[in-house]
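Take a look at this single chain, the form predicted on its own, given in structure tokens.
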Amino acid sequence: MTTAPDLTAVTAGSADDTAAEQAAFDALIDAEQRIEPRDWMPEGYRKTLIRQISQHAHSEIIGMQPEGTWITRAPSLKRKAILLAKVQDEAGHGLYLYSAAQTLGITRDEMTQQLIDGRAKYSSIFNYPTPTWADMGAIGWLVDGAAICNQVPLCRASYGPYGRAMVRICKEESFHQRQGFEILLTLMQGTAAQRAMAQDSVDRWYWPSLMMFGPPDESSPNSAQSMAWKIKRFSNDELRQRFIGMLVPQAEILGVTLPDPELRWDEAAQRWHTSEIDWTEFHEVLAGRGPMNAARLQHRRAAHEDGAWVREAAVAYARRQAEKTERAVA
């Protein structure tokens, strides 16, 4: 007579295996070692990484749009070439990050579909318009500056492919920040109209750049766990404080005024005191109701649809090459 399997023993064994794998994972994290794609990882860790890395990749790709419209309108051939190179860098950053996310078991097609369907998030900063050339300076100085402040610690992220991708990305972002600073510096040394244009741009981009670090720590649902897993190294508020501390002396050199009348160093608290950030605006933009949300997604959707023939041609070519190889082997 066939005896039924002892399911209790199987379940207990599986639980023991999972506990051992969890212990090994925790030991790697505690020892500041990298988790690699073939290592066991908790499902929550995997999902958190997919969410964060794919959102980061989407942000790089959508972030090409505000600047792309200024390539043909830049004031000189040199400026056009520099801006074109920057936009190309951002495309590369997106590809690095999509590749890193793919090691976690999600395909690039899935991530792209989530973005164009409006189911995936990307940085709210890219849903603001860029009406003047000075915006190219403000984006470089403020937006890329915030990105550097946020992303340099990610070079030490516990997930290997993510941390390694961030090393090159941060090197290139540092050039983008310097480019933006130089654009604003040139404008501030120009005519009264140019100085006014630069200040207006800083006024419009300053607060959204502070929002890039995410909501206050007490309102951030994912920060604590990400820090425990050593994906993130600093909290949202810590990074925001660090960024403000970088901006203050740079603004003085530029000659621009940061648009916060309450901004001051609090010696007793050892932190920057600021006006209250308008988190209602942040959540509205994040929810898809910002000035350029619909336009950004529509442009990305149209580009994806227009490029369908390229993807189809690439697949057909790969198939023919594979068939040729098979016939040669046979």
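Counting begins at 1, following the sequence as shown. Given the structure is predicted, the values throughout are model-derived calculations rather than measurements.
Not pictured, yet referred to below: the form predicted in complex with ligand BYC.
Figure legend: unbound chain with ligand BYC modelled from its position in the predicted bound form by local C-alpha superposition. Site open, with zero ligand atoms within 2.4 Å of backbone or C-beta atoms. Across the options 184-192, 143-151, 253-261, 110-118, residues that bring heavy atoms within 4.5 Å of ligand BYC in the predicted bound form belong to 143-151. Site annotation in the predicted bound form: the residue of 205, 98, 159, 213 reaching within 4.5 Å of ligand BYC with a heavy atom is 213. Checking 236, 130, 179, 102 for any heavy atom within 4.5 Å of ligand BYC in the predicted bound form turns up a single hit: 236. In the predicted bound form, residue 220 approaches ligand BYC with a heavy atom inside 4.5 Å.
Though the partner is left out of this view, residue 45 does not reach within 4.5 Å of ligand BYC in the predicted bound form, counting heavy atoms only. In the predicted bound form, ligand BYC stays beyond 4.5 Å of every heavy atom belonging to residue 50.
Contact annotation for residue 201: none of its heavy atoms lies within 4.5 Å of ligand BYC in the predicted bound form. For the stretch 58-73, the set of residues having any non-hydrogen atom within 4.5 angstroms of ligand BYC in the predicted bound form comprises 59, 60, 63, 67, in sequence order.
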